[in-house]
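This document starts with one chain, in the form predicted on its own, laid out as structure tokens.
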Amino acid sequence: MLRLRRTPSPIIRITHWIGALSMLVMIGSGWQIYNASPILPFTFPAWATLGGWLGGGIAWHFAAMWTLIGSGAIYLIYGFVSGHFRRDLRPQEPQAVWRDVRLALRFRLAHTPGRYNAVQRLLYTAVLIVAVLTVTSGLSIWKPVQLGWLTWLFGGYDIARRMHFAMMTLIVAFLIVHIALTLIVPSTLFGMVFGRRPIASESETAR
């Protein structure tokens, strides 16, 4: 019989979607800003950018930055206060991660609704750290004079800019993996959208 299980909490769902949309806007507008002054021997195609020109890209980038910071702050506070980080995202031992990686590569990684496996814990914890580095490195190149101490911590403006680009690249890679895992276990998307997801048994296995 088809049942419904509530997961995750409304705060996590709302901040997730606000953060996801903000990140997509920041990526597209960030590529527009990058194209105005590339640091590598390539530029991004116009269809993948947002803003139309440098000024437009900057406007979109900063607008999305504030929504990302706001939703991220709420998520972090909730994660610590509710015990979500300790209970659900605390990384497991390397042996467990390696075991789940091998199972995932063979499309045999079990998924229990409401529980994060070792690979998910590692990826979600890592992307939180990357997101913090992305925002702080972005602030350091946005206000290199006012936030000179932050720019200095990143090794100077040029290194901070490269760090910002590298963190963006990692986030894009995470999004690709994240979407792929969602396609493998689509009920997770149902739960993130509606707060409840249908389950026919206690666990699902991607095969």
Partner chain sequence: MNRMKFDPTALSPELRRVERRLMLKGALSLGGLSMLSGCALDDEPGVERALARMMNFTDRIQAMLFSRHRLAREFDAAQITRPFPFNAYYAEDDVRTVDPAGWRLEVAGLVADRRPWSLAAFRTLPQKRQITRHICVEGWSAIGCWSGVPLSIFLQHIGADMNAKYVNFRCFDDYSTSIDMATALHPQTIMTLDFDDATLPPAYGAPMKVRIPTKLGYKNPKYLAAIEVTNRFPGGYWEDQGYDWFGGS
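Positions refer to the first chain, counted from 1. In this text the structure is predicted, and so the values were computed from the model without any measurement.
The following text describes the form predicted in complex with the partner chain, which does not appear among the structures shown.
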message = Against the partner chain in the model of the complex, would residue 47 count as a contact residue? Criterion: heavy atoms within 4.5 Å.
response = yes
inquiry  = Whether residue 21 contacts the partner chain in the model of the complex should be assessed with a 4.5 Å heavy atom distance threshold; does it?
reply    = yes
query = Is residue 154 close enough to the partner chain in the model of the complex to count, meaning some heavy atom within 4.5 Å?
reply = no
inquiry  = Within 4.5 Å, heavy atoms only: does residue 142 come near the partner chain in the model of the complex?
reply    = yes
ask   = Any chance all of 71, 167 and 178 sit within 4.5 Å of the partner chain in the model of the complex, going by non-hydrogen atoms?
value = no
note = The one option of 150, 171, 33, 163 with any heavy atom within 4.5 Å of the partner chain in the model of the complex is 33
query = Is any part of 46-64 within 4.5 angstroms of the partner chain in the model of the complex by a non-hydrogen atom, and which residues would that be?
reply = 46, 47, 48, 49, 50, 51, 52, 53, 54, 55, 56, 58, 59, 60, 62, 63
